[in-house]
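Encoded as structure tokens, the following chain is the form predicted on its own, with no partner shown.
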Amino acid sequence: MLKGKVAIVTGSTSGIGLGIAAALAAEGCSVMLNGFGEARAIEALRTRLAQEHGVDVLYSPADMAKPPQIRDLVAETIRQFGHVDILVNNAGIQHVAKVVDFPEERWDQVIAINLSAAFHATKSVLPVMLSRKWGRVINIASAHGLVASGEKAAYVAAKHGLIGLTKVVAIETANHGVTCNAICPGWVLTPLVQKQIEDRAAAQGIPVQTARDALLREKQPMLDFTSPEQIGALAVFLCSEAARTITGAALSIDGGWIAQ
């Protein structure tokens, strides 16, 4: 479905970003990976995606906290592939603390990577998308882009801001073949979350399954995790012709989190 298209997926060496990159590649899309990790592991990942799906896959180590590197990421993608059709702003970090204790440098970091990076990347790719009269910008927000939890001031502020940015880009590009939407996951079972569950189980002396259900029950009526693959499938749908008039939307995939 996406043969001949080119995508940038930030924060795509693991977790949600990797799930999205793999889903796009499976539809014939060439992909520029981005993220941190051990060089050998990233090269193995890049090679595997390219071979499994028969597409070109490249990698950029650009730091999403640094606007010049974000612009270089986009420019390098255009140099290598000729254009950019799909931008997935996925890179993100988290820090948990009460507002009165929140380190200011961590606030700046979270806002830079979770929100400002999406602005800089989107600004850089829009000219080529508009010139080609086709483009898809997908921002990976969160249930925390729609509701709040304590001790997550920077993350909640950034994700709310990301949804606001999504709406503005959607309005500005509405009649130019470009859409911009936000995906808002609830709990996603990534290796990092699995470790949190196992640590909680060990600390409380309870079975891992009990700790898993307790974590989900804190927020979601549905006691099941969303997978990176499911989020990838939603991203692919947003790139499809069926989603041509979906723009400016914040799409929840959260087990009923914000329905409560």
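For clarity, every value in this text was computed on a predicted model and none was experimentally measured. The first residue of the shown sequence is 1; numbering continues from there.
What follows is about the form predicted together with a small molecule, which we do not show.
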query: Residue among A154, V178, I140, V74 with a heavy atom within 4.5 Å of the small molecule in the predicted bound form; finding: I140
query: Candidate from A202, L192, A44, A214 lying within 4.5 Å of the small molecule in the predicted bound form - any heavy atom; finding: L192
query: Options 100 to 108, 167 to 175, 86 to 94, 120 to 128; stretch whose heavy atom lies within 4.5 Å of the small molecule in the predicted bound form; finding: 86 to 94
query: Non-hydrogen atom contact L33 with the small molecule in the predicted bound form at 4.5 angstroms; finding: no
query: Contact of A65 with the small molecule in the predicted bound form (heavy atom, 4.5 Å); finding: yes
query: Contact of G248 with the small molecule in the predicted bound form (heavy atom, 4.5 Å); finding: no
query: Contact of A23 with the small molecule in the predicted bound form (heavy atom, 4.5 Å); finding: no
